[in-house]
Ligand SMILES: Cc1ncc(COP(=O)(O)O)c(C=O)c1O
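Before any questions on how it binds or moves, here is one chain, the form predicted on its own, in structure tokens.
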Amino acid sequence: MIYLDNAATSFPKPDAVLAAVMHWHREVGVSASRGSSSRCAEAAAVVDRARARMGQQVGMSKDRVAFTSGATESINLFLRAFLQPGDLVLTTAFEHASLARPLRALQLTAGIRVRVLQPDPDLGLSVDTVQRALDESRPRLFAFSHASNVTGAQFDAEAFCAIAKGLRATTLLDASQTAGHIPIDVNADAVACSAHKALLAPPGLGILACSANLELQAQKQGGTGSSRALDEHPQQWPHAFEAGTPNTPAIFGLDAALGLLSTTTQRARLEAALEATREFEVRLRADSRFRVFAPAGPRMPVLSFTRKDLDPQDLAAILDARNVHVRAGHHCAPWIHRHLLTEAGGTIRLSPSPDVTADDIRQAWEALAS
């Protein structure tokens, strides 16, 4: 199979990640903080190391890194803990439904206000555009993606956070499309991301990291492994945001993945994936049947397009029959499709891995152009 859907989930996972997950299943089998056995101690050591490694990724103390079920839970937990009735949130049209939908829900249930910033004409989002929007709206929260999961556009998150900080706005960064590709230590007040994309870990795991300056109340209550017989949920980080049995095998996988992802390897992997993405874009733009949605500026290895004579779902079915796996539809990003005028059927999205070969590209293109 030619797999071109790494913006959804990276595949295949590295051998070291699979080995770490199977080690938990075969030889450990317990969670950290759920006992005092040697197995619990091993689990605790791996979880602590993974937490520390993620802290290095986001530029925060490991004690401010909570493991969740995914980016969706991380974002929901943060929004519900931070926002108050009447708050104004500035966000962008590039957002995934994991941010867009809880914001809409909180508009109805908690009386928050939401302003959605539209893309620039080049399908990017410039620092000047964000500066003007922040100056005009003065939001309590600026919540935004580091990169679009539809167009691949990458944004200057560090500059955005600096502007927001100067205006005393709190920032929430969704780094799901960039974590594992580029540095995500951009001085955001809170960072949410999934572990199963470029971080190369298994699905069912996410990260929520928050600055120590933010006082957030737990939004879920339940077991945390504490040995004390309390009926009140702890409020200290990170345990306050980790109610329930953790996905320890996925954390073992994340720890192994983070051990592989040095700055050098991330850069090399990203460039290889971008080279394949550019090759697809050149071929698509040379064929008048295709309409390509790609930014003019910095980007991730993500490319969306439509074909004039075929619905995206039909084209995806043709590709699937040729053993090429892509993503068709709206990619859980409702607002950007309104801007692109692709609400009816969405787009086809290609997101190559660093391991895609020239022969893979040739075969995929032959299926696309047939």
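Given the structure is predicted, the values throughout are model-derived calculations rather than measurements. Heads up: residue numbers just count along the shown sequence, starting at 1.
What follows is about the form predicted together with the ligand, which we do not show.
- The ligand in the predicted bound form is approached by Asn149, whose closest heavy atom lies within 4.5 angstroms of it.
- Residue contact with the ligand in the predicted bound form: Thr92 places no heavy atom within 4.5 Å of it.
- Residue contact with the ligand in the predicted bound form: His181 places no heavy atom within 4.5 Å of it.
- When the ligand is considered in the predicted bound form, Leu4 lies well away from it, no heavy atom lying within 4.5 Å.
- For the candidate spot formed by Ser31, Arg51 and Thr248, no residue has a non-hydrogen atom within 4.5 angstroms of the ligand in the predicted bound form.
- Exactly one of the stretches 250-258, 93-101, 163-171, 122-130 approaches the ligand in the predicted bound form with heavy atoms within 4.5 Å, and it is 93-101.
- Put simply, of Gln154, Gln266, Thr277, Thr72 only one has a heavy atom within 4.5 Å of the ligand in the predicted bound form, and it is Thr72.
- For the partner-free chain shown, Asp174, Ser176, Gln177 of 159-187 come within 4.5 angstroms of the ligand in the predicted bound form, judged by any non-hydrogen atom.
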